[in-house]
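Presented as structure tokens, the chain that follows is alone, the form predicted on its own.
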Amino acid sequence: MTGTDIFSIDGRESHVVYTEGLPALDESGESLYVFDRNTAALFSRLPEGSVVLEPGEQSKSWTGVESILKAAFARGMSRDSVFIAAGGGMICDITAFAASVFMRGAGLRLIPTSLLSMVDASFGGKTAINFGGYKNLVGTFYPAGTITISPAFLTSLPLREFLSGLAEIVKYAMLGDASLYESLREKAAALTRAECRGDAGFLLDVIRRTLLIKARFVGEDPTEKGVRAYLNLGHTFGHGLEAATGFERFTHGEAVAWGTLRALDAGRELGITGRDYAAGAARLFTELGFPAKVSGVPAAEILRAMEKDKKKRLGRVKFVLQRNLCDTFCENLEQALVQKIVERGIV
């Protein structure tokens, strides 16, 4: 499957281009490429003036933004110029943030190179950097004009990183596509095998279906005042786990899988979430290799990180819960229940 989908996000068009081959790099002086060292190695030659950051969340900072902006000024870029990110979620997020603040908004193209960034960071308009030890605390809403999706990048992606993206795909299916969810349940064992990463047609279909789910929520609520918050299923718990371990021990997908199971557990504790549905989701995540419980992480550290969650409203953190498949809502939870659920997820 190749082609283009055009989505409107808060009055801006995002063109999602699907291709099976590696995209060509633009050599014109009107663009600035941003890579990390890992993604730069995927290309035989980088465009002149490219910015190459160190991989990892530590680069997603004011210092990283400054290095991008300095390079843009050095190239004499204007509001008509294009910032181009070629990398995973970190590179997409920080480049989009830099583009959004450069002269109050320059052009933006994203070339996500990981499954996670293809279905999550590249689409929807959220930009971000980490601040004060907390993930994505500073950011803007700035949809990319073009997003190029190529599963060719995934053939060399480590299994752990591929599965990290699958966790987000499962989450999206839980939110808005019962058919995709059942398909993932049926193919769970095959999805963990290396040959799956070489099946371009299958991957493009799954990625596109995931983006169509996200597009429904984002199109209705581009700046997260309502239903877009549902996309944070598992993230409040998951971000707490990531922050408590310095964003180093768990991939984002592993944290989201753990956090989603915590959210389902909270719903069960309240008598809201269907028992069979919660058990089935737990089996799916387990079959994909995600642990239902983690070890060696103090519950107090996770809870402390969750208190700083950027989704806090009027001093309280809202949690995304589900009654059943594709039946989602937000709820404030009592601190005692949150603590109980977190502790239950720790060995």
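Model, not experiment: these values are computed from the prediction. Residue numbers run from 1 along the displayed sequence.
Heads up, the form predicted in complex with a small molecule isn't pictured, but that's what we're talking about next.
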query	finding
In the predicted complex, residue 208 touching the small molecule (heavy atom, 4.5 Å)	no
Contact flag, residue 322 vs the small molecule in the predicted complex, heavy atom cut 4.5 Å	no
Touches the small molecule in the predicted complex: residue 280 (any heavy atom, 4.5 Å)	no
Partner contact for residue 113 in the predicted complex: the small molecule, 4.5 angstroms, heavy atom	yes
The small molecule in the predicted complex reached by all of 42, 120 and 136, non-hydrogen atom within 4.5 Å	yes
The small molecule in the predicted complex: contacting segment from 257-265, 272-280, 86-94, 100-108, heavy atom within 4.5 Å	86-94
Single option in 183, 156, 192, 223 placed near the small molecule in the predicted complex, where near means a heavy atom within 4.5 Å	156
